[in-house]
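First comes one chain, alone, set out as structure tokens in the form predicted alone.
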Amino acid sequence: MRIWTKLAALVIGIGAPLHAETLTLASPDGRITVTVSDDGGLATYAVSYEGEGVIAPSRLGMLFAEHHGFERDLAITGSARAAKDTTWEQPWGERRLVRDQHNELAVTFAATTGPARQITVRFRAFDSGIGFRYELAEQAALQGDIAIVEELTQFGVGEQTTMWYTPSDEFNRYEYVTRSGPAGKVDDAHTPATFRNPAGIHFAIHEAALVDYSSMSLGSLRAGNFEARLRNWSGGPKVKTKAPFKSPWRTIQVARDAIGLINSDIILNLNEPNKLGDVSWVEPGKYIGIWWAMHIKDRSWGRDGIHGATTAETKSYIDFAAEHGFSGVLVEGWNIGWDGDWFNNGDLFRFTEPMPDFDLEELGRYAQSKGVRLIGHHETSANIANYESQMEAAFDLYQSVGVRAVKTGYVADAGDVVRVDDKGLRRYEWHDSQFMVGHHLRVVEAAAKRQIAINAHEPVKDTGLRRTYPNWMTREGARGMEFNAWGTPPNPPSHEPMLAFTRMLAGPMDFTPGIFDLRPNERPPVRADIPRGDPSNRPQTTLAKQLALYVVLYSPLQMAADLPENYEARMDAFQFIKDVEADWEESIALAGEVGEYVAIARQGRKSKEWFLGAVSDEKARDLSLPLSFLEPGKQYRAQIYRDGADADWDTNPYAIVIEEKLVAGGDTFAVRLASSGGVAVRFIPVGE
């Protein structure tokens, strides 16, 4: 544990008293150890894996605006232990059955000076990492409103530990290409942030059960040591609360190799069980939509002569969805408010008033007659005051026309969320503030009352609340496919294998894969006065990689994002999108390295068939993947969609081989991935 030495001296201090109390907690398999101490009057914790340091001794505590806090002169005055090993069932998800096996240690720290007060830090150790949270009981010294001005939680990761992250204090929220470098050179980062230390141990820092609290990012205190940075209210503290309260869980997933981070259920297990009761109405599925056409300027959201959300065009999309087995059709730009500078005029959106050329009631009826449902859309431009004043009526309208899922949007620069306070003053909040955490839950709860699911874009990050509110099905929270239409630069080849080990650790993402026209801005414009974007803006992938993303990047609402005519031009490849499921019995990460490549196998919950997806960065590579997930010795027809021999994302992205082979459980599956290439496979049991 030599990497601890320098940070330990800085945190605890030379000459600390020798009578410190120290407690330890081990994971069920004994590989992970948490050490908790009050040495020098400071509350600290440390984490190790198989005897190697992961988190050096790091501080715990909180500071309040009008009350004495918990930063020094602390002593451990009590502890309690527990253990749990249960299995629970997800209504939908990456796997149906989730095992929750952990050991628990609740440590009470009491102040030794000033007013009598105490705080409990509850630790849970799983075989794949740890979680801990603060619990503040009601007590005489902490009466009334409590304003948290700082959370003192630290993460001593080490200067030379490699870190993969997105910045947390820039305008575009979470939507940045993932950066990498020594942790000692990083100033601020969103979570999940992923690390690999000099001993080769991988770990990821995030949080779980973010409720009525500010989102946590990581701010550098000194090289290789981060502190929990909470987003503040406009003109106010970080968190407004009262005792008793519980903070979100701070999570540290730990594994020897990178894929161990993916094969973890810590975030879900640290959330409360389903609060909604019967959620059989929450239905995973695949959808298409009037969406990509706007990004490539075939259509527009507003009334400028190429409006996409018309009754006639929507019916054609419904017909295509019905013919090919899609359960939903998303329509953006259907309501009043999209004309002009909608980005800066969120108060103009009307969520119950369709455009004149869009008959919502007729389309709801038509869709249901075809066995399809409309997917609703609420773009707010992050004007929460305007949206919440109409939200209940908007969900009532959607319920009346059979909408079962709604995509919400909060397009605005970070820090420009509009809130109107109780004095009528216009305030500006951050997308990851306590205010927005509360807003998203208000949306989810209001939608649940109408049996409507939510897909949030420009959201607060996922922290596993889909377990508690299963209608919060998916969200964005990273650079999605749209950046390949107009982003400068577009998403690089490393983007998708990077997401698998970073953003996707938080939960499902509506990435919107499945683009078949890989050079969309090279087509002639639909109107001379509406030019297309820069031709260099295009998906930097092969066609086979687009198919593999349906397995690699999980979402229970999975979009086929391209235009129907582009699918009709390549029906052989489109077959995989039609066949692949969106809800899984089991998921297993098979191989991969952060930002380089990843291979994942998933078993369909309905069909019990297995699907495999693998994607690469700009490097072409040969993979040999064990088919250990298949039943040993049993034969399967493997329907394979792989890169052609001369495939290359830049020069020959459409080269694809579609073939069928017999394989057996326990075989090794060998495949070559092109530059930014991929492979998608469906395994069908022989004789079934």
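From 1 onward, residues are counted along the sequence shown. Please read all numbers here as calculations on a predicted model, not as lab measurements.
The protein also exists as the form predicted in complex with a small molecule; that form is not presented, and the subsequent description refers to it.
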- [ ] Heavy atom within 4.5 Å of the small molecule in the model of the complex: which of Glu581, Asp298, Glu585, Glu332 fits that? Just give me the one.
- [x] Glu332
- [ ] Please pick, from Asp462, Glu379, Asp562, Glu496, the one residue with any non-hydrogen atom lying within 4.5 angstroms of the small molecule in the model of the complex.
- [x] Glu379
Task: 4.5 Å heavy atom contact, Glu227 and the small molecule in the model of the complex - done: no
TODO: With heavy atoms only and a cut-off of 4.5 Å, decide whether Asp127 touches the small molecule in the model of the complex.
DONE: no
Open item on the list: Is Tyr387 part of the interface with the small molecule in the model of the complex - any heavy atom within 4.5 Å?
Closed with: no
Open item on the list: Considering non-hydrogen atoms and a 4.5 Å limit, does the small molecule approach Glu482 in the model of the complex?
Closed with: yes
Open item on the list: Can you tell me which of 446 to 454, 213 to 221, 406 to 414, 115 to 123 lies within 4.5 Å of the small molecule in the model of the complex, counting heavy atoms only?
Closed with: 406 to 414
